[in-house]
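A lone chain, given as structure tokens: the form predicted on its own.
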């Protein structure tokens, strides 16, 4: 097992961990706290302030004050970019600390956090910092008899509610464009995984970003989260999570006419034709399925495999999934960690039971997993199910390492099955015939289609969803920056 970094010990030793509001660390107004646990062993690792509506009020007020008076909104874009680059440098400098905190809180293998999540946060900050410098804020409008232009201005206070699967990475994806545009933010992390966001908030202060520009209110979804979505002081809202909660967030924001971005769930499909390298595709999709223990909204959990390669593909995928080393995130040999909580483990196991009860064929039996020395951990085994798609395990998002494998004969049949889903986040098509691959990629209904790979997130390419997978624009692209700049027309009559 890898030893805790001294800075992580120091961070966890100052409990309860506090809220950051207006540049000051404070307890919740009520004095209430909650616990967060290591999914690898079930033990409490920190006690955290449980903010409620009173704390959200303070945070929104502080963010509003900072927007009006700190100068952040009126700074030239290149000056704001200097702050964001400084923050990105600090994220890089503290990479090991942040990665350990993330691994400990979420349960993911430490190398995934160290090599993927944390560097991506720094890269996202730099991407939007640089993009903001080159984004035109004033555009002339050619109209007869008038001098006219369109200007783009920051909205003001933006609220963010983030999920527990990629806590810090999604903070980066969310707030980087908002800050680069000149807005101020209030962040409500998931109660299961608030720790990396709180440590990141320390780096925000160290970077010299003005007090109140970034505020963090930890707490429960039904208290702090609900209060944030209902707050009339917001000018923009972003929620990442389940469609069920997303609908409630959209409804709450609608009452105040606050524009909202919703990044929601998915039931991604991978369509595999008979001209592919079966071994490579089986390995790649098995890795995608078990990344973050399947707790990835865009991953492929419906595998549509051409009937000519179906049996061979299932055999190769089964071999890849059964050879996987399941363990604690701090174990260097671990390839897949636990799910985030006992609640999530029960959810995954329940879907396996319900799927089999509804007639799904078990191709690879999943179920609870045990890890020596970590009896209290929330571990599950990867599973493969088959049969027709009139099954709860094929229709609904499980959010665990479970794939439903379906054979198909014709291209149009596969596309029809893919598009039958009520979700629309991300799909992939696998074929050596690029003309066919491109045709299918454009026909599948989703925010994202990938060819001969799955889970691709290059900065500059919009990533978002449609249908039950979200609305309001995506992330990680120039369009995202524009999402946080409101248009305003300025017109003067001539003559």
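Bear in mind the structure is a predicted one, so any value in this text is a computation, not a measurement. Residue numbers count along the first chain shown, from 1.
From this point on, the text means the form predicted in complex with ligand NAD, which you will not see here.
Think of it this way: in the model of the complex, ligand NAD has a heavy atom of just one of 161, 288, 129, 394 within 4.5 Å, and the residue is 161.
For the options 155, 313, 399, 379, the residue carrying a heavy atom within 4.5 angstroms of ligand NAD in the model of the complex is 399. At a distance threshold of 4.5 angstroms between non-hydrogen atoms, residue 303 is out of contact with ligand NAD in the model of the complex. Although the partner is absent here, residue 263 is a contact residue: one of its heavy atoms lies within 4.5 angstroms of ligand NAD in the model of the complex. Contact between residue 188 and ligand NAD in the model of the complex is found at the 4.5 Å heavy atom cutoff. In the model of the complex, ligand NAD stays beyond 4.5 Å of every heavy atom belonging to residue 206. Relative to ligand NAD in the model of the complex, residues 165, 240 and 248 are all within 4.5 Å by at least one heavy atom. Residues within 4.5 angstroms of ligand NAD in the model of the complex, judged by any non-hydrogen atom, belong to 221-229 and to none of the other stretches in 208-216, 331-339, 221-229, 135-143. In the model of the complex, ligand NAD lies beyond 4.5 angstroms of every heavy atom of every residue of 132-153.
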